[in-house]
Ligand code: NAD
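Given next, in C-alpha cells, is a single chain: the form predicted alone.
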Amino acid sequence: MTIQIRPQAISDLKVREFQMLIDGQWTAGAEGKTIERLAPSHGVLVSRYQSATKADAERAIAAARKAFDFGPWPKMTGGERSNILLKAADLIAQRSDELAYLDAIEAGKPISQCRGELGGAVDIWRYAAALARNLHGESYNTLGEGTMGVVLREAIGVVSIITPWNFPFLIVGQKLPFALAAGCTAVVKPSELTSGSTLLLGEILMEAGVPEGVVNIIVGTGAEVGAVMTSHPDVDMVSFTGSTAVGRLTMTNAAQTLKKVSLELGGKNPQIVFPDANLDEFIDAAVFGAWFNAGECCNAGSRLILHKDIARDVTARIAELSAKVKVGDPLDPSTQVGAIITPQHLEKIEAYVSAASEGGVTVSHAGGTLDLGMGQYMAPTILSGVTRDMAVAKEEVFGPVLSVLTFETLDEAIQIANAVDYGLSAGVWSSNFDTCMTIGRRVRAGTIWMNTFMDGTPELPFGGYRQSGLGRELGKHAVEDYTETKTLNMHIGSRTGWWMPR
C-alpha cells in the first residue's frame, strides 16, 4: 500500500526564500521575522516566508485602498481587465510545473493531483476573464413617462481574501480573478503553511500587467494578520475559506464595520447508496471521495450512508480497492495519497479514530499512522458500525477517515444525511430517477451529485448551507458577488412639487 520516500528526492529539495508583495514591491516584513515551512512529506525545510505584522497588514490595506480609490484598475473597461486576466491565465499555464511543485512540497499533496488542479485553476481564470466583459446592470423604461431607472453594478472596493492550506492555488483562483474582474483591489493572505504558490502568483500578475497595489500578498497568522484584514474599516468585503470555527470569528470581526462576508467552510458530506445503484462505479467514487487529498478536503465524501442490504458487501469492496491505493512521497507521480499537513493535525485525526474504536466502532480497513522514514502519513481508514450520534459521524475529521452508516428507508437516509450542522455537498447513487431527484430536493446541501461525486466546473456555483458557509463561488454570478448595486432614478422634464396642485 505504501511507497517509500525516495532518498534522492530529499537531497534535491532546496529552500526557497519569499518576500511579501505590497503596493507593487517585494518587501520584507516590518519586524524582519520569518516563517519556515517544513515539507510534511520529508520533514526538511523547503520554504521561508517574510512574516507579516499588524503594521504590514495595514500597509497592504492602504495600498489596496489607494489603488481602488485613485488607480486605473476600477476605471478600466471590462475588456481591458479581461485581457490582463487572460494573460495571467496563460502565464499560470506556462509556470504550472513550478506552481504544482510548490503545492506538492508545502502541502504534501501528490504532484499528479497538483498538476490537475493547476489545469483547473487556469480554466477558472479564463472563465473569470470572460465574465469581466459581461458584468452589467439593468434599465427600466416602464416606470412612467417622466421616469427612467438604471441599475448599476459597481466594484465593492477593497477585498480581503484569506485562503487555506489544503488547496493553496486552486482556492485563491476561486476568489481573486472574480474580484479582479469586477474591478476590485485585494489583500490576499494564504495559509502560512502553504504560501509559496500564491506568492508566485504575485509575480505572474505583475508580469500580466496588473497595476501596482491592486493585488497585495502577505503571509502571517490569523491572530496577527487575519484579524486586521477582517476588521479594518478600509476593507469593504472579506472572502474566507477555512474551518467553521474560524469562519465564525471572521464574521464577528467583520461585523464591527458591517462588511460583506463570503464564507466557504466545513463539510460532513454523505454519499447515499441504494441497492439498485451501479456499485462498480460507486466503489471507485467512494474511494476517490474519501482518500482524495488525504481526506483534507471540505468536499470529502467522509460519510457513506449505505442501504443495510448492501452495506457489508459494499464496505468489503471499498476496503479491497483502498488496499491498492498508493500512499507515499508526493513527488512520485504514481502516489495517490500524500502526507498529512502537520504532526498536530495527524494527532487530531488519530484521536477521532481512537475515540470511535473505544465507542464500539469496527475499523474495517487499516487505521493509524504509517512510518515511511520521515514526514507524517496516515493509512486510509474505514470505520463500520458508526451511528449518527458519534463524533466521527457529525464532525469534520479532515483526514483519510471514512464513516459507514446504514439505513432502511429513503426517509431515514435523508434524516441521517441532514443530521449534521453542515450542508456543503452530498451524493446519491441509484438507477431510479425519482429516487435521485427526491434526495436532490430534500437533502440540504449546496451541491448534490447524482451517480457521480466531486465533479466540478467553473460554470456551476459552489458553496454550502448552514455552517458550511455563506454565499457561492464560481458560476455566472461570481463576479457580481464582488459588486454593490446602485440605482439611478432619473426624472425627465419638470417635476411636480409637493405643495403644487396636481
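Residue positions are given as counts along the sequence shown, with the first one as 1. This one's a predicted model, so the numbers in the text were calculated from it and none came from an experiment.
Not pictured, yet referred to below: the form predicted together with nicotinamide-adenine-dinucleotide.
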Just one of 302 to 310, 353 to 361, 69 to 77, 244 to 252 has heavy atoms within 4.5 Å of nicotinamide-adenine-dinucleotide in the predicted bound form; which? 244 to 252
Only one of Ala391, Ala419, Ala227, Leu279 comes within 4.5 Å of nicotinamide-adenine-dinucleotide in the predicted bound form by heavy atoms, so just point that one out. Ala227
Heavy atom within 4.5 Å of nicotinamide-adenine-dinucleotide in the predicted bound form: which of Gly108, Pro190, Pro400, Gly328 fits that? Just give me the one. Pro190
4.5 Å heavy atom contact, Leu265 and nicotinamide-adenine-dinucleotide in the predicted bound form: yes
Even though the partner isn't displayed, in the predicted bound form is Phe462 close enough to nicotinamide-adenine-dinucleotide, meaning a heavy atom within 4.5 Å? yes
I'd like to check something about Phe240: if you look in the predicted bound form, is any of its heavy atoms closer than or equal to 4.5 Å to a heavy atom of nicotinamide-adenine-dinucleotide? yes
Answer for Asn166 alone: is it within 4.5 Å of nicotinamide-adenine-dinucleotide in the predicted bound form, judged on heavy atom distances? yes
Report whether all of Ile162, Gly222 and Leu424 sit within 4.5 Å of nicotinamide-adenine-dinucleotide in the predicted bound form, measuring from non-hydrogen atoms. yes
Which of the residues spanning 275 to 314 lie within 4.5 Å of nicotinamide-adenine-dinucleotide in the predicted bound form, based on heavy atoms? Cys298
